[in-house]
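First, one chain by itself in structure tokens, the form predicted alone.
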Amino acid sequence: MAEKRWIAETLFDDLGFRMTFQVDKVLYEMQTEHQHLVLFEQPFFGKMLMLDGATQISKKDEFIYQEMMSHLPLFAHGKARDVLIIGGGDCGIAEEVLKHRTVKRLTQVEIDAKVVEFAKEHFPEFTGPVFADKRFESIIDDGAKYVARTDRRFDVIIVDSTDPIGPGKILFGEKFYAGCKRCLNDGGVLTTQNGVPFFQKNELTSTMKKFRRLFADATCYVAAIPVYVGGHMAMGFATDDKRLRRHSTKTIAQRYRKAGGFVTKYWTPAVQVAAFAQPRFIADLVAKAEQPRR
């Protein structure tokens, strides 16, 4: 009997531990121009994708990340018509954004064409409805360069990046965040993936410092996503409109009904409001980043 293969997440090697997943079947594996990609079937989490040794998505709990990265900023804004996704080649977040009837145009900028190609084959549940939607535009480009030069303006920008390694590293720099701010409409929202604060403190505090040099309101909200070991995952939230993260559950519920009242599995109006209530150790990390804006 052949020995089972195990694939390790090497993201926390510098902390002295790895999360290792038993593999039922490797579905796709290759070294692209930008990163190592492996897609495999796991007994508990189902289909899983790793890039450069960091877990990106699992079939079992993808809905938590996708819903919180998309619905929360869109409902915080309340009138988003033009949305930009940086990264997100699997199209999971794009699928959630397009559930909003109020969104008139969605642009996704992914650096790695191979990621989009493989997603069409292995994640048709996402890519099928997304690419069939006339509101959707897929662009293969460097996200940092795109926000620095585009003439277009957006109501919400969602940065669905890997951790700050490989091609994802530039998406955690102040120059990139400044580019995002440049192409946001007045009152626009920037949302970012900022890791697991229990293990990745610097990733969160570094982003918060940069946000606060650029935006009037900068913080994070949290969600618990089982496959991302370490408890809470932090998602950055930056805007010049301080009212956007202070809406009542009633207001968010009204916006939800207007957007179509689609089915969700994690996000609710009450969860939206509660997500900004940070556990003390995360609130302390965010507070450390406080400094006057330039």
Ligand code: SAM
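We number the residues from 1 along the sequence you see. The shown structure was predicted, so the numbers you read here are calculated from the model rather than taken from an experiment.
In what follows, reference is made to the form predicted together with the named molecule, a form of this protein that is not presented.
Peer 1: If the criterion is a non-hydrogen atom within 4.5 angstroms, does every one of Leu49, Glu110 and Met233 touch the named molecule in the predicted complex?
Peer 2: Yes, because Leu49, Glu110 and Met233 each have a heavy atom that approaches the named molecule to within 4.5 Å in the predicted complex.
Peer 1: Heavy atoms, 4.5 Å, the named molecule in the predicted complex: which of 87-95, 211-219, 72-80, 150-158 makes the cut? Say which one.
Peer 2: Selected range: 87-95.
Peer 1: Which residue, Glu125, Asp141, Asp133, Glu117, is the contact with the named molecule in the predicted complex, using a 4.5 Å heavy atom cutoff?
Peer 2: Among Glu125, Asp141, Asp133, Glu117, a heavy atom within 4.5 Å of the named molecule in the predicted complex occurs only for Asp141.
Peer 1: Using 4.5 Å between non-hydrogen atoms, is Gln42 touching the named molecule in the predicted complex?
Peer 2: So Gln42 does not count as contacting the named molecule.
Peer 1: Quick check on Gln200: any heavy atom within 4.5 Å of the named molecule in the predicted complex?
Peer 2: Close contact is absent here: in the predicted complex, Gln200 is far from the named molecule, nothing within 4.5 Å, heavy atoms only.
Peer 1: Mark Thr162 yes when one of its heavy atoms lies within 4.5 Å of a heavy atom of the named molecule in the predicted complex, and no otherwise.
Peer 2: Because a heavy atom of Thr162 falls inside 4.5 Å of the named molecule in the predicted complex, the answer is yes.
Peer 1: If you check in the predicted complex, is Phe237 within 4.5 Å of the named molecule, heavy atoms only?
Peer 2: Output for Phe237 is no: heavy atoms all beyond 4.5 Å of the named molecule.
Peer 1: Scan 25-61 and write down, in order along the chain, each residue with a heavy atom lying within 4.5 Å of the named molecule in the predicted complex.
Peer 2: Heavy-atom contacts to the named molecule in the predicted complex: Gln35, Leu49, Leu51, Thr55, Gln56, Ile57.
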